[in-house]
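Next up: a single chain in structure tokens, the form predicted on its own.
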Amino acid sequence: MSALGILSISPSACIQDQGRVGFLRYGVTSSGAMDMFALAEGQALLGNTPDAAAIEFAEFGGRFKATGPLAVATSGGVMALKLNDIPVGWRQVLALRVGDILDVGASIEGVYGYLHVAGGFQTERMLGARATHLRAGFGHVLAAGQMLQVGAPDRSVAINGLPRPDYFDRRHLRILWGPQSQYFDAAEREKFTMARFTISKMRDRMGIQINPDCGPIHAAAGLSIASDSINAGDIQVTGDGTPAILLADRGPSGGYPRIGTLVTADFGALAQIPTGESFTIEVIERAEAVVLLEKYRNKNKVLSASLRPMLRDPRDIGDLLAYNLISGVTTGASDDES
């Protein structure tokens, strides 16, 4: 069976899938990919099942060697990519042969990039998922010298690509009022909604600290509320008035007041905003959030309809004669003889 060997890799790289759902009552949050749409892109490109696992990188990738024929694909935030030292495109399928070297470099656009393989990476399943969740004790970061086993592909894989998704340009995120928004008075809530937030360097898979340009946001209840369960996307406000958005590897519960909750459809957009860039928010009603979620899920389901061939059959090119098919051809005579 083919495998992918790790020659070098960024220290935060890990295996992720759709995560573990249904274990919050046992104190286990879902984990899973930071950008679920990017995960779905890879599944569509390779024809994988929705639960197939991929490698998630944050800002930098690694160097890999194929031990046999493999079909791989990349998705999410764009990173410098080379196959056998030749630059290749992102968000497309690549056919690797025995001994081929794949280099995934630094981020060019976005933050989280993904490397997928046809058949998915076959790491150990724990509570029904392969997702790494270090704080909960599931899995581990990847390291040089590891050999990642690959599952058998369900079908042959075409050399297709996908267009760049538009959420990479989104700098206006949508939220619902949170479970403790009533503890913030009207003036504080208005200040919160009118602010521009900057992505702090205090960020990881647990959450992102966001610094508002309006100064600290204060809750009338202070820190005296009872601890309760936390949802992905909850925006908690710490004692010094700094908001943070809790994400994939969040804790199961907390006692800081939560002023808002990011809508699920905007999780990928937030995750891909680079450190130091800013965004604004808009508070929407629950009914609108439900509609956005349905549209987001439908977009994931029909990704295969957006696939486009990267290697074109000349018979399918209507304007074939307009292409320069052979370059460097001359009459054979020197300039002086012509």
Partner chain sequence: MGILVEFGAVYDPAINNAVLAFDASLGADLPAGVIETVPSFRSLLVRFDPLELAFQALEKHLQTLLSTRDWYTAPPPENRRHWVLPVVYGGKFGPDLAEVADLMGLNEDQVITSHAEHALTVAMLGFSPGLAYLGQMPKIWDFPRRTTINPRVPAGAILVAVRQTVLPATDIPTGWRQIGQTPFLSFDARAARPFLLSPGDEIRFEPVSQAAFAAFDQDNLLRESLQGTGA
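Everything quoted here is computed from the prediction, not taken from an experiment. Numbering follows the first chain given and starts at 1.
Separately, the form predicted in complex with the partner chain exists; it is not shown, and the next lines address it.
A.B. asks: Within 4.5 Å, heavy atoms only, which of Ile217, Leu83, Met126, Val111 is in contact with the partner chain in the predicted bound form?
C.D. replies: Flagged contact: Met126.
A.B. asks: Just one of Gln146, Asn231, Ser200, Thr238 has a heavy atom within 4.5 Å of the partner chain in the predicted bound form. Which one?
C.D. replies: Exactly one listed residue reaches within 4.5 Å, namely Asn231.
A.B. asks: Is Ala187 near the partner chain? Define near as a heavy atom within 4.5 Å, in the predicted bound form.
C.D. replies: Flag for Ala187 set to no.
A.B. asks: Does Arg308 reach the partner chain in the predicted bound form if we count a contact as any heavy atom within 4.5 Å?
C.D. replies: Taking the distances in the predicted bound form, the answer for Arg308 is no, it never comes within 4.5 Å of the partner chain.
A.B. asks: Should Gln209 be counted as a contact of the partner chain in the predicted bound form, where contact means heavy atoms within 4.5 Å?
C.D. replies: So Gln209 does not count as contacting the partner chain.
A.B. asks: Contact between Arg297 and the partner chain in the predicted bound form at 4.5 Å, heavy atoms?
C.D. replies: Contact with the partner chain, yes.
A.B. asks: Looking at heavy atoms inside 4.5 Å, which stretch does the partner chain contact in the predicted bound form, given the options 84-92, 160-168, 102-110, 176-184?
C.D. replies: It is 176-184 that comes within 4.5 Å of the partner.
A.B. asks: When you measure heavy atoms, are Val78, Ala195 and Ala265 every one within 4.5 angstroms of the partner chain in the predicted bound form?
C.D. replies: Looking in the predicted bound form, the three residues Val78, Ala195 and Ala265 all stay beyond 4.5 Å of the partner chain (heavy atoms).
A.B. asks: For the heavy atom contacts within 4.5 Å of the partner chain in the predicted bound form, list the residues of 7-30 involved, in sequence order.
C.D. replies: In sequence order, Val21, Gly22, Phe23, Leu24, Arg25, Tyr26, Gly27, Val28 come within 4.5 Å of the partner.
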